[in-house]
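Quick heads-up: it's one chain on its own, the form predicted on its own, in structure tokens.
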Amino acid sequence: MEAASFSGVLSNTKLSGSNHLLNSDCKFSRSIPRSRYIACVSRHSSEGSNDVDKPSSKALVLSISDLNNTNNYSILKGSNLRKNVNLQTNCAVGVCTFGENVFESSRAHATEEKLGVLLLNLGGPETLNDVQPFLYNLFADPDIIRLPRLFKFLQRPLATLISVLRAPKSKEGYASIGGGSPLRKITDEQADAIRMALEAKNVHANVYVGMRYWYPFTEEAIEQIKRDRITKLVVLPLYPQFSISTTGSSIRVIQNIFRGDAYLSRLPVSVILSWYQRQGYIRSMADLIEKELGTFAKPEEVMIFFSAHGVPVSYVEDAGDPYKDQMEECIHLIMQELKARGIGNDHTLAYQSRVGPVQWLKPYTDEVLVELGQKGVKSLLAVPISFVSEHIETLEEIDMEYKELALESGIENWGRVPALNCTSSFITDLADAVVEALPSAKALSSTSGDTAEESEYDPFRYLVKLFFGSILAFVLLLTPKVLLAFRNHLV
């Protein structure tokens, strides 16, 4: 499975407000408070204030400085999301709506600056030999395996254990799709396409690719940004919907690097946190669905099956992750677009790629496929809604595992919507999002600020925690039931 497949393994603890983020090379001293991930969703100023059934032309944009000022966030949780998507927004809270005159001004000034665009993605092993170290990088991220503070010292040993146990099965999956992930190749192609789309708008920018868990790492991309002396940067995660395990994890890496660097801390940066509600994205998805429906003998009888990558329930309920709400809103907008085209097919949403003994968002894709077959559904069109690039979750999990399960369950006609990849309308919309984000770029403006956890460091308390934590960890890891659970759930 690809990187995101493992989010939340062994995770059933609550997120603290200022956890440390560690990887094999860096200590990330601060993080975005997890209870404040959802900011206001901006709407185009020309749309009616109560019109929630139309996609927005804008993405959720915050500057780096806004991300650090947690007082600037508006929280929208649970079922309140759709009720609040039309809240008034302005640049003071880091979520901006812009008129055309601002965009033209932005384009005029952009030619005088050296602009950069940083695309963020998870990354994936390019060869079978890369699988185990890639998995280690993944599980060493505290946003993937969330341990209580007492057991933080176990993060890397646990990452080593899980990656070694998981590698053989993961290698089989990657071998079945050609021996490695195509994610880097596709992301590089998307970067080139976005650069050319910006050129067509007379916006000249260097476009960089930063992966979270494999090459080229985000840290490498940022180093190149420094060498190129970029004067304004737009950060564009290639995840339509925000989750703390994807966009959130990558943004915290960027925050820490920028905060500790004199040059980067003065660099104006704008971060596009989510863009699932953009008109261009919604229409591009609707185009693909409409095209694939046309391949069925009876298109009107086809069930549209949205399969989204899952996250542990604790992310949503305990940490305030907006992913579930944004996913449901995204599908609502896509179906509204299809309805406007005269397409009224039934649809459903399920979540795939769950791993580990914790509860994930339901319903599960594999279980729903069986249920649909039992209910007599004969034609199904799978839509990988949370993915904009082909990778192992689409090529192996959906195209092989779920297709086989669906056919065994009684579904006779199977289809799958391709990932957007470099679809021209999609690329053009991402380029538009970059242009729109430029005016909101702000510098971090501060390189200082230790966390409360660092300032309260007590060597004696640390040794006590280490002693008792080691005893408990030893007991847990060597208990036969735990070892059996590891093998059942992770191998």
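Heads up: residue numbers just count along the shown sequence, starting at 1. Remember, predicted model here, so these are calculated numbers, not experimental data.
The protein also exists as the form predicted together with a small molecule; that form is not presented, and the subsequent description refers to it.
Participant: Report yes if any heavy atom of Tyr364 sits within 4.5 Å of a heavy atom of the small molecule in the predicted complex; otherwise report no.
Facilitator: Contact with the small molecule, no.
Participant: Any chance Gly123 has a heavy atom within 4.5 Å of the small molecule in the predicted complex?
Facilitator: Yes, Gly123 is a contact residue.
Participant: Against the small molecule in the predicted complex, would Gly116 count as a contact residue? Criterion: heavy atoms within 4.5 Å.
Facilitator: Gly116: no contact with the small molecule in the predicted complex.
Participant: Check Val355 for me: does it contact the small molecule in the predicted complex (non-hydrogen atoms, 4.5 angstroms)?
Facilitator: Output for Val355 is yes: heavy atoms within 4.5 Å of the small molecule.
Participant: Between the small molecule and Leu135, Pro312 and Glu393, in the predicted complex, does every residue show a non-hydrogen atom at 4.5 Å or closer?
Facilitator: Affirmative, all three are within 4.5 Å.
Participant: Quick one: from Tyr239, Phe306, Tyr208, Tyr281, grab the residue that has a heavy atom within 4.5 Å of the small molecule in the predicted complex.
Facilitator: Selected option: Tyr239.
Participant: State the residue from Ile144, Val377, Leu420, Leu233 whose non-hydrogen atoms include one within 4.5 Å of the small molecule in the predicted complex.
Facilitator: After the contact test, the surviving option is Ile144.
Participant: Choose from 258-266, 191-199, 332-340, 379-387 the stretch whose residues reach within 4.5 Å of the small molecule in the predicted complex, heavy atoms counted.
Facilitator: Going by heavy atoms within 4.5 Å, the stretch is 379-387.
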